[in-house]
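One chain comes next, on its own, written out as structure tokens in the form predicted alone.
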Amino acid sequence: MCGIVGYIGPKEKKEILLEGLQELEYRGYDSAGIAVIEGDKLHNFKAVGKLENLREKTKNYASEGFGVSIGHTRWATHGKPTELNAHPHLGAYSYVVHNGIIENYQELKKELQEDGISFLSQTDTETIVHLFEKYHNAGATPFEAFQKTIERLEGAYATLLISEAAPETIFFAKNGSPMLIGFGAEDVYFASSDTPIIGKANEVYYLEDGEYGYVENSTVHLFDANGEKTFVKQPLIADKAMAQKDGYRFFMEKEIYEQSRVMGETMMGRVLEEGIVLDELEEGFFDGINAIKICACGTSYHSALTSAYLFERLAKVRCDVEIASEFRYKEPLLTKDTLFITISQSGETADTLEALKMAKRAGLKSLSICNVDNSSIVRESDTAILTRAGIEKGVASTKAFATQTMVLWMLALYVGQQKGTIDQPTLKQEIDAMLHTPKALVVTDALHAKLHRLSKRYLHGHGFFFIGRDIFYPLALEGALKLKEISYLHAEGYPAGEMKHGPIALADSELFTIALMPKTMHYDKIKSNVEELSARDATICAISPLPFDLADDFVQTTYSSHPMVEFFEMMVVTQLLALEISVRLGNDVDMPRNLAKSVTVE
């Protein structure tokens, strides 16, 4: 996701900021910018695209003497990737950078506009700097104005603010989004993660949610709800690669653990108590739409299959799902009352992009669900909903799949709202389940340790069957794909009721069956299917909230109130199981053989 750097001290600030932002490139971004105050001189530079564009813009600039400075790499959430939407955002005499999403920004923006304040950008971030200046202009000291501003913000934020009203001070606040303070001999640094300050600072303090304050004369003043507080610094690790992985063995492992936090960002500002809000979609977007066709490949195809159940069950709209590489050559029948949805993590998937172009030539309205703004598929679509997963470095997708599925679930409810096909009690029940999803994605030490122990049983044999019913059938497909991708073991996903129509002929003690057995959906039916496999000596690993006596291995899940909450919890189990099997086999989990992260060829 977005990256923040900040520096206060006497050193040359441009290079500190640019080097720090470069260390945050692995998080993903579409624009970047810096702002510096030295004495009464305020300098600001922004650029769209890669950091070299910003470096080119600043090549004739160098800072001198003591000053304050902030920098940012942006991953668009509100507004397109343009220079106006890039950070830092400017008020009349102050600059701000911000990670996260201000949920009540529309309310704040309206209030500020009524006060006569003009906005330059489409972002939620710009409200912060205008609020600060409003309070300061009304007579508050700079720090009082910052306090008042933070009190008004709802949502997640890590923010740095500098102002000509306090030209030797950096104001900071953290709630939900990560930020730390680094300490050198005579300097103070800020960053979203360790990597930008390794080699510059030797100690660090990781800010907690609700903490805020200011730095003046290299002294940090830290506050929380109880007032000013003391804090304890700790040594800074010196390994940049390990810092990027936050101590995890692999990026894939880190990304599995990130899913709980990332899911909150995907829902932020979109899942409200009274319904789903998708600012990306214009009023009336679904007018005249009577069917949905989704095109995708690989993992994205599995999220699409899951959503087909949700669109038909919740929104009462017919939904067909196509593999993009097949769709391109089948001479499909396309009618203009069909919304064409494409799903791609990178936005550059060649087969999906070509399928989208076919649909556009046929005159269909198009929507893309993607993790990368300004990508080819996003640009080609009429509109797009970003998943906000942040960059995913592991080739085998985890958090991208989870966030795609969540966006599609939200979209199904949104369509139901727009068409009046979902009643209020059902909508409330679905939203309540959504809000519980981040908890279902938390990886506990006990769960990971158990899957590590279980994994040693599954290193041989002649293959795996992942089985499930309804939405758990696409999850079975995805679980099998994860295992194939990184372990190189043969695995297949099947609808559990289909086993008796042929595949059960393979059942013996060397066939490993991963059974997805949710309490909330067809439990007795899938239990019967698993019993048939057990009777033929298949080795059974059951994943369920209900104990299953015939299981050779049993992973007990916690949540059993809603199928989608069970879905996401079981998804984590299958991801971790694939990871641990692959680690035991000695494979490079992040870069499996023969695979690429973005498939840009047919």
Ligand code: M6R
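What you are looking at is a predicted structure, and each value in this text was computed from that prediction instead of being measured. A residue's number is simply how far along the shown sequence it sits, counting from 1.
If you look for the form predicted together with the ligand, you will not find it shown, but the lines that follow are about it.
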{"query": "Candidate spot Gly298, Ser346 and Val395, all three touching the ligand in the predicted bound form (heavy atom, 4.5 Å)", "finding": "yes"}
{"query": "Glu485 within 4.5 Å of the ligand in the predicted bound form, heavy atoms", "finding": "yes"}
{"query": "Touches the ligand in the predicted bound form: Thr387 (any heavy atom, 4.5 Å)", "finding": "no"}
{"query": "Ala201, heavy atom within 4.5 angstroms of the ligand in the predicted bound form", "finding": "no"}
{"query": "Any non-hydrogen atom of Leu481 within 4.5 angstroms of the ligand in the predicted bound form", "finding": "yes"}
{"query": "Region of this chain that lies against the ligand in the predicted bound form, out of 144-152, 298-306, 450-458, 311-319 [heavy atom, 4.5 Å]", "finding": "298-306"}
{"query": "Contact residue in the predicted bound form, chosen from Gln404, Asn99, Gln259, Ser94 - any heavy atom within 4.5 Å of the ligand", "finding": "Gln404"}
